[in-house]
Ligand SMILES: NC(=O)c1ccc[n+]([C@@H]2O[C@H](COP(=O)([O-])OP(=O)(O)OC[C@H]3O[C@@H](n4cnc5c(N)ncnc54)[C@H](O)[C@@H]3O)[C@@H](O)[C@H]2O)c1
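Below you will find one chain, with nothing else, as structure tokens; this is the form predicted on its own, and questions on how it binds or moves follow later.
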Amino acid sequence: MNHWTRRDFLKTSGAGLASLTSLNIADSFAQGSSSERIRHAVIGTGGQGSGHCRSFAKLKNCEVAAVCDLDPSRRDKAAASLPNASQVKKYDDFRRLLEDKSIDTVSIATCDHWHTPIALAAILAGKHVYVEKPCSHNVHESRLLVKAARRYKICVQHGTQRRSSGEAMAAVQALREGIIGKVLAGKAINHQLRKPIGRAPVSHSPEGVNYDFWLGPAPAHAFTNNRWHYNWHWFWDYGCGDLGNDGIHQVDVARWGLGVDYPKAVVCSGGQLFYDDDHETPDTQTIIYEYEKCHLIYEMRLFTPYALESHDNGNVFYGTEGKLEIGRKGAVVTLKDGAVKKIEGPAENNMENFLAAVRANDPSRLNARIDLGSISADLCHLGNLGTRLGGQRLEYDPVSGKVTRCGGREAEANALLTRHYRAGYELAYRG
């Protein structure tokens, strides 16, 4: 296995990735038909990435041709699970994968702090991209990702897959048609039990893993098991808490249903009422996104092993004539006279929609376009930002990309809109 240093990364992510921009970007399917076979690669093969391997392999005329992961055990397991296991290429360095001109599309299911850096490099390499939620680790990355996708006319699909749910589409259309009257509030509910993680001592990184490369743009830090598989979600250097992990699905649907983008203000409150361990991120959050004509309310409770609002994680829209609920068990309208109506729609697939847009070479056909997904990701980032600053009411200007008001803490807030990228791990595209 090659062990890449920051110097190696700097050499290849600079001159190497820059040279890839000379490729004929994103036109390989411009004249293609719906039957043309797509060669797909999965970068990051943990729980979500393994799911990507299975899902893309099942799609018609799609072959998972390569997998990439710094953990050799996960990488090998993912490759072995594929129907063409003996032909699957395996990489421990995404940059080497991106040099493979036979790869048409990639999906990114790494830690959050690598989503945008890899997505930008993939765009420059002419690959169409399916990037898991949240698409970015901070607001600055969201803006760059949208700019790059537009500049190079690349299909970039966001992993907020409810956008491709026929049921959710039908529910949102019903809201537009006034099924519950004037909609004044939408609630995004993330309630579940996520058990404590305890406290993990400093230890050696796993055999065969280049831990410095795993850290990438994040600050150098000694290895602990709690900063490794999955639990990285609960550290600000790598993850975005459960608001960015699971809550983003509900925030995205709420924003979609209300028909809004950036709010005029964000009111934040949150902390740890349940955890007393290595967690840095909250177990409890309440955030109000204020708009001119409605409110979007996010509620997160990670200590509840029971369903609320008659379903588990989901959404509730409140109108003048009733309410509409969207959860994993369906979409239901309850009118003020007590009448109940179930809303149904055809089954859809976010990955299938992605490949259809790729074959048409038309980003406008994406259900979860990156310009939509980035706004939902940014709402999560702003909610976390206010929470980290002790519970602030903040105002953000999406035109300038700056926090304009934050209780006198504007400088701190704006610093959290981006991050310091370690030398050698700078972003491949900077606008």
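Start at 1 with the first residue shown and count on from there. For clarity, every value in this text was computed on a predicted model and none was experimentally measured.
Beyond what is shown, the protein has a form predicted together with the named molecule; the following relates to that form.
Between the options Trp232, Tyr291, Tyr275, Phe223, which residue brings a heavy atom to within 4.5 Å of the named molecule in the predicted complex?
Filtering the options by heavy-atom distance leaves Trp232.
Ok, Phe317, Tyr298, Trp114, Trp256: which has a heavy atom sitting within 4.5 Å of the named molecule in the predicted complex?
Answer to the contact question: Trp114.
Only one of these stretches, 327-335, 259-267, 132-140, 81-89, has heavy atoms within 4.5 Å of the named molecule in the predicted complex; which one is it?
Stretch 132-140 is the one.
So, in the predicted complex, is Ala65 in contact with the named molecule at a 4.5 angstroms heavy atom limit?
So Ala65 does not count as contacting the named molecule.
Since only the chain is shown here, I'm wondering whether Gly159 would be in contact with the named molecule in the predicted complex (any heavy atom pair within 4.5 Å).
Answer yes; at least one heavy atom of Gly159 falls within 4.5 Å of the named molecule in the predicted complex.
Hey, in the predicted complex, is Gly47 touching the named molecule, heavy atoms inside 4.5 Å?
The answer is yes: Gly47 has a heavy atom within 4.5 Å of the named molecule.
According to a 4.5 angstroms non-hydrogen atom cut-off, is Asp76 in contact with the named molecule in the predicted complex?
It does not: once the named molecule is placed as it appears in the predicted complex, Asp76 has no heavy atom within 4.5 Å of it.
Which of the residues spanning 56-93 lie within 4.5 Å of the named molecule in the predicted complex, based on heavy atoms?
In sequence order, Cys68, Asp69, Leu70, Asp71, Arg74 come within 4.5 Å of the partner.
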